[in-house]
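Here you get one chain, nothing else, as structure tokens; it is the form predicted alone.
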């Protein structure tokens, strides 16, 4: 893949972001969270651009050439490569929260099953779990962490509008599920985004176990 960078973006900066995305993707693929080339990952490059995985690539084998540049409208910059159809959900996070610098989206079995099970409620309420403290802003197990479950659609503006409506209603948002799909979460840097993802995977698994045990 040929990538031509704007003059304002140093190649070293883009390569650092690309390497961090590829490293994270390979690790998450090994966990089985990115089946059949699914999932997408990104990092902010500057105020106007983000680096994101090219659509359809095997996430377990990513390298620099599998990462492309997009603008904050989700359009490709300096390449003929095609970004994920869900790129707008990544750029939405960067537009809404200037402090966010990494967005991760995976399709683990746990995430997918939880999204179907709780879709009728529209939200998964997490409370009483010690690992809630892994999420930025939560300092105690006594906090409440709501993870909304939005209906799935192939029309990205509809999903973007649902996320915007949740935020505009003043509800805290650290992650969300899409029904029958997977999870989106983010962080101030890649390490925090990965911590959030790992913690939420664990917590969703715990909720599913409770459902089974209490059935």
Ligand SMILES: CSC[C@@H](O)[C@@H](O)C(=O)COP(=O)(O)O
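Numbering follows the first chain given and starts at 1. What you are looking at is a predicted structure, and each value in this text was computed from that prediction instead of being measured.
Just so it is clear, the following notes concern the form predicted in complex with the ligand, a form of the same protein that is not shown.
Considering the ligand in the model of the complex, the lone stretch of 63-71, 186-194, 159-167, 50-58 in range is 50-58 [heavy atom distance within 4.5 Å]. This chain lacks the partner; the member of 131, 85, 113, 123 within 4.5 angstroms of the ligand in the model of the complex by a non-hydrogen atom is 85. Among residues of the shown chain, residue 42 is not one whose heavy atoms approach the ligand to within 4.5 Å in the model of the complex. Proximity of residue 37 to the ligand in the model of the complex falls within the 4.5 Å heavy atom cutoff. For the chain shown alone, residue 181 is a contact residue for the ligand in the model of the complex, at least one non-hydrogen atom being within 4.5 angstroms. Mapping the unseen interface onto this chain, residue 107 counts among the residues with a heavy atom inside 4.5 Å of the ligand in the model of the complex.
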